[in-house]
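Just the one chain here, laid out as structure tokens, in the form predicted on its own.
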């Protein structure tokens, strides 16, 4: 008996229909992500990637729940203790030890090895997460603080972009007046102030917060000098800096009330909230004190922690992260905030999806400067090849920023402030 093509296709369709009726439904694995990227345009970009992944993987559903930095240090440990922690948590290196001590963070060695083979992680991005025999988070993106400035303001005053502390102080003073502040620096008890203070510490030779034996090394002449210089610059900052976070600094810059700020990026704010053109936005490495041999900045290799021991969720997380780090997707992920989120892989730094974003095209020179600055990045508690998980206790209390507050707001002598905060740090890590 000869069967026609039509009858063969009809038979195949019937067989498929019967198979579908008899086959069990795909087992669904759900992953919940917490992250602190709250701005709506970032949430939207992340959601678009989640939608694409979920559509391509019908057996996996990934959801996001944005959080905020002001609450996460208390909220995440509480969620772990209550048994309702997220499956994945985006966080910075010093937050990982906090949850690791609770037994929540799972090793991700196999996932990292897979992604490293495919995309080539930069070693500096992995270093903050590799200790105690395992890797405890998958690096996702880097961030590095730079000096941002309004180029026309400096040019009108005949000021070159400063490269030294003396030049920065002189520029801040010269640019202050007629409703303009030369530089905007925060003085809040906040992570932002930790970051800007440490950026100056790095550029005065005080990048190491620990000695090799794990003892605190905060009360040093270099730290005292950085605090004193911070106080000098704060004199040319707005009067409300005691309540500043990142948003207030960017708003001051966007309104041209601040000629310069220290920030991870202002590209999106400058593009959307000013009438300036890309060539008017200046960015440079943070100036260093005279004689500092190893200048740099503060940089964060943000990573994602796995907080579940469910094998199915481990497999699903590996699938999702493999999808996310693929160059065509990774560039879109990074460009939820162009110039802020910098690649941590070799393939990511070359990805067409990273450099083809319209904002990235317009501000390519600024982003290239950011990338260059990030190569000299370091992070308190993770320097000189030494990693001290107790840094989480220091970060959680924003102790570095409290030294700055004592000097800037409390008029304390920098030496007294450094000594007092050293004692606070020692108490925090006992």
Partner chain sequence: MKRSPGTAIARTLVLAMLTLFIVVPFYWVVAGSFRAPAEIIAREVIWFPQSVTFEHYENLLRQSPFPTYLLNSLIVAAGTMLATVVVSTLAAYGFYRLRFPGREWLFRATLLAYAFPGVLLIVPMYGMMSGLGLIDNLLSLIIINVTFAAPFAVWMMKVFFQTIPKELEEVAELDGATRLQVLTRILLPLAAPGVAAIGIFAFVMSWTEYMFASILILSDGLRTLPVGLAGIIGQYQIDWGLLLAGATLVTVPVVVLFTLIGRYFIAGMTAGAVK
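We call the rigid core whatever largest set of C-alpha positions still superposes within 1.5 Å between the two forms. Remember, predicted model here, so these are calculated numbers, not experimental data. Numbering follows the first chain given and starts at 1.
The following text describes the form predicted in complex with the partner chain, which does not appear among the structures shown.
Trainee: Do residue 30 and the partner chain share at least one heavy atom pair within 4.5 Å in the predicted complex?
Mentor: Residue-level check for residue 30: no, no contact with the partner chain.
Trainee: Residue-level contact is defined here as any heavy atom of the residue lying within 4.5 Å of the partner chain in the predicted complex; does residue 246 satisfy this criterion?
Mentor: Because a heavy atom of residue 246 falls inside 4.5 Å of the partner chain in the predicted complex, the answer is yes.
Trainee: Is there a non-hydrogen atom of residue 277 within 4.5 angstroms of a non-hydrogen atom of the partner chain in the predicted complex?
Mentor: Outside the cut-off, so no.
Trainee: May I ask you to check whether residue 273 falls inside a 4.5 Å heavy atom distance of the partner chain in the predicted complex?
Mentor: Contact with the partner chain, yes.
Trainee: Name the single residue among 207, 345, 268, 335 that comes within 4.5 Å of the partner chain in the predicted complex, judging by heavy atoms.
Mentor: Contact check passes for 268.
Trainee: Scan 217, 314, 151, 256 and let me know which has any heavy atom within 4.5 Å of the partner chain in the predicted complex.
Mentor: The option sitting close enough to the partner is 256.
Trainee: Tell me, please, which stretch of 224-232, 106-114, 319-327, 256-264 lies within 4.5 angstroms of the partner chain in the predicted complex when heavy atoms are compared?
Mentor: Partner-contacting stretch among the options: 256-264.
Trainee: For the heavy atom contacts within 4.5 Å of the partner chain in the predicted complex, list the residues of 69-92 involved, in sequence order.
Mentor: Result: 69, 71, 74, 75, 78, 79, 82, 84.
Trainee: Residue 217: CA shift of at least 2 Å between this form and the one not shown after core fit?
Mentor: Where the cores coincide, residue 217 shows only a C-alpha shift between this form and the one not shown that is less than 2 Å.
Trainee: At a 2 Å cut-off on C-alpha positions, does residue 160 qualify as shifted between this form and the one not shown after fitting the rigid core?
Mentor: Residue 160 C-alpha, core-superposed: shift of less than 2 Å.
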